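Below you'll find only one chain, the form predicted alone, shown as structure tokens.
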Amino acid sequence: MLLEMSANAFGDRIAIGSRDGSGVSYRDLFENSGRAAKFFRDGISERVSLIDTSSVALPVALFGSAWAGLPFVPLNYRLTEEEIQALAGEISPATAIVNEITRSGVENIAGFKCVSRTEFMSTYQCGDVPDPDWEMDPEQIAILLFTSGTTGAPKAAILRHSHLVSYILGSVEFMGAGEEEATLVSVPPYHIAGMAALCSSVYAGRRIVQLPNFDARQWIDLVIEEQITHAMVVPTMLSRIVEELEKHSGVDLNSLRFLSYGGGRMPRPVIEKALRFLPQTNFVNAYGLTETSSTISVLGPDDHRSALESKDKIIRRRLSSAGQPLPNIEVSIRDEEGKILESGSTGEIWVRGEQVSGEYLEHRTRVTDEGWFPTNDGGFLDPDGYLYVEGRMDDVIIRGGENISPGEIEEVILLHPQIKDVAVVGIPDSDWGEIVVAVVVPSSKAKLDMLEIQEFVRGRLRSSRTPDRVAIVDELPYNETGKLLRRVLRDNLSSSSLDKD
């Protein structure tokens, strides 16, 4: 329905592709989606999957599956063959759009009908367009997205049409984009930000440019060549973009009006440097989860600027926050028993709103009878309503019976001018239960030792927050969507890697 509205309102605008006129128009996208829906219906599949990088086939498959009344399930093509097979087995029978590499791993799975991207595109580029006959049941499943599985096995989060439409109507203005506007999508299809970017841009009427595999230099070049006005990146992407801008002084990204980031912790030094490199760009920190249909809290451009320029520690600290909840979202902080905590107290972040799903395939919903979803993210709300996200509750370190948030220590360590990145984890200890370990990535050629870092933290936090050990590494393990893999970090830590001097 959202795509039909756009096709009727601005059908001649380019929806996907280059500004040279070679892209696909909104009218073409609508008609191609209808033909794709017919192709999907002609099979015996119960779902539509995509195991491939972004291309024009992605939005056609997304809207075509919705037209056909089938859930759309993009899978992580970067997983191992065994991991992809396991996820494919969970969603079979399905029609899957694949590439040459991913096809070999899933074509023999029972009930899995594989079609290459080229084959799929040939099915929807000609023929009659069916009448708009999709069902209008808002509780039908629109998308299944497997969670990243950084702390356990991936689960398929259920997003119904009601959730996604609620998010779009609550955050995007119909026809709100000018004809000159273009968004650069470099997050993968299986990330909620990728799905949200497609739906948001279509509803606003913004041209979509796709970067299938992120590379900082290519990203910058595309911004310039395509006069990109909007983009969304994860923190690791922004860090690499800033590094590239540092190498090539004088690069002008004056077309870039809005740059959103989210999906993981943003080191304050990185965002401060980005704000200085791109003073004309409006930065937006968007915090959300797969289970909440994308963004639930936003730190807007004005907050970024005022925090950067302020000498007030409280205001400046807001650069580390996720901003304030959207108007249609409620946020509360709860203790282990589910009781609401006062402002400034750390606990679990709970959210409520029409866009919140909190439901999983083959699993019970995690939403309470009152509509609240416990996110398993820890954090707190300050007296002004700014939300601070401190990481997963599973990552809390219990040292001598005291709960310690890694995010609190990481934020302090990142203030050190010679530290580029850091992760704080707990490792087992016979005396304390767990001890605090800081894994530090120094700035280039910086020389650091444990005592220096310990004293730096001790001077800013109480002594129990001071790292017991420090590991110096070249880089931290992140997945491709920018999430820190703490489990991998803990597994890789050994006594020999810890600085005991």
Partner chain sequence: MEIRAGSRLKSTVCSTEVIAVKAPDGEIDVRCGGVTMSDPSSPNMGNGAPLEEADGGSLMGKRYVSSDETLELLCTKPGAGSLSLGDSLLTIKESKPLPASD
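Keep in mind the model is a prediction, meaning the values are calculated, not measured. Positions refer to the first chain, counted from 1.
Same protein, other form: the form predicted in complex with its partner chain, not shown, and the subject of what follows.
Of the listed positions (260, 255, 92, 85), a single one reaches within 4.5 angstroms of its partner chain by any non-hydrogen atom in the predicted bound form, namely 260. Screening 408, 354, 244, 382 for any heavy atom within 4.5 Å of its partner chain in the predicted bound form leaves a single hit, 354. The stretch in contact with its partner chain in the predicted bound form, judged by heavy atoms within 4.5 Å, is 284 to 292, chosen from 334 to 342, 284 to 292, 234 to 242, 103 to 111. Site residues 430, 434 and 470 are none of them in contact with its partner chain in the predicted bound form, judged by any heavy atom within 4.5 Å. Residue contact check for residue 386: none of its heavy atoms lie within 4.5 Å of its partner chain in the predicted bound form.
None of the heavy atoms of residue 304 is located within 4.5 Å of its partner chain in the predicted bound form. Though the partner is left out of this view, residue 203 does reach within 4.5 Å of its partner chain in the predicted bound form, counting heavy atoms only. Taking the partner from the other structure, its partner chain in the predicted bound form has no heavy atom within 4.5 Å of any heavy atom of residue 320.
With contact defined as any non-hydrogen atom lying within 4.5 angstroms of its partner chain in the predicted bound form, the contacting residues in 325 to 358 are 326, 327, 354, given in sequence order.
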